[in-house]
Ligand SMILES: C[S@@+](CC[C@H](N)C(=O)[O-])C[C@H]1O[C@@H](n2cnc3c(N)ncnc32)[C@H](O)[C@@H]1O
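Have a look below at one chain only, the form predicted on its own, in structure tokens format.
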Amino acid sequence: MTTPWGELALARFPEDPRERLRAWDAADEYLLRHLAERPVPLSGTVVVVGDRWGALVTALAQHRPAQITDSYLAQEATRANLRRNGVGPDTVRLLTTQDPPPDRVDVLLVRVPKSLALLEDQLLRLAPAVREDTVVVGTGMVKEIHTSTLELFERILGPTRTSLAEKKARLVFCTPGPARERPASPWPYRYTLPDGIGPVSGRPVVNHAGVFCADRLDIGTRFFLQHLPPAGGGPRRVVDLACGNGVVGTAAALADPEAEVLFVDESFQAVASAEATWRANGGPGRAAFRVGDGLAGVPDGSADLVLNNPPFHSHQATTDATAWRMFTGARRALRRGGELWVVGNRHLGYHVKLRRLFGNSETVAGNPKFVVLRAVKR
């Protein structure tokens, strides 16, 4: 990436030589150009929220910024990109969306996330640290910045306007208002699940901001919950892979109290939600909670059952790379005879990938939109 201060070598994480998606886009470039061309003082505490692959904090490393992200992959990409460009690991302060934010913010740079709820949550958390003279600049692609986005900045921080578009990207300028009255945060959000979905019917679920379908049960998960495998004949280790709010793993724990359930997601908000959901349902059985890149780090042959509802978007890009990594990791982590159960949109053709990896794939259930597939490690 070409920046006003020189060239940077950047990559996504995990690095894949076949990956054609870049680790930055026009919105990142637009923000960095603005910071270099305008008399924006980058002094004091600089905070960067939502930096997707570390491009922004790597470019601004000389100002010793703090990065706040919900993504484990983004955090690992940032570490790798800092090393790649000869920047010391202690130059950037790496925080998650679950960590306490800095007490004071002098410059706030926001990469607008796909989730409006996550933006709301982070602005509300940071607002007490924002001063009247804090410089607040957001950035995003035109399709990511809506009237509701601007209203959120205005309601929480102060008067807001946008720039002209450049290469389909825009900037958001916000002038913090004096000690304004702000709404109370609605997050985490808790609701009761509907009936007819197995062991979790009528039970509570807890969602932190930014988790997929945080205010309702999505139809794919609902279908999956209606067709989960029966409890095993003895103690077994179950993995809820890409666990989201943990409702699938909690259902497995309620159905089989002898099971040990591992909840895994790359989102810090998701894993916090999964633990809160599991605890809200009495903490059935034994459970562990892990933020990471799929099943990386999980011992080979250690799982009896993997339950998976894989995402098929990486920010705004549609890709099957994430699902492929999850299926590959599941095959490695499963013992012989262990099973991977997957729910997905019918048109995604996951059965083809499972047959290539496992040599088998069986349709357990299906409707016009979704299929539940089962693959066995032979």
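One-based numbering along the sequence shown. Please read these numbers as outputs of a predicted model, since none were measured by experiment.
Just so it is clear, the following notes concern the form predicted together with this ligand, a form of the same protein that is not shown.
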Find the only residue in V261, V306, V248, A274 having a heavy atom within 4.5 Å of this ligand in the predicted complex. V248
Is R331 a contact residue for this ligand in the predicted complex, using a 4.5 Å heavy atom cut-off? no
If you check in the predicted complex, is V92 within 4.5 Å of this ligand, heavy atoms only? no
Contact label in the predicted complex: G292 to this ligand, heavy atom within 4.5 Å: yes
Partner proximity in the predicted complex: V239 to this ligand, non-hydrogen atom cutoff 4.5 Å: no
Out of the stretches listed (107 to 115, 240 to 248, 143 to 151, 172 to 180), which one is close to this ligand in the predicted complex, meaning heavy atoms within 4.5 Å? 240 to 248
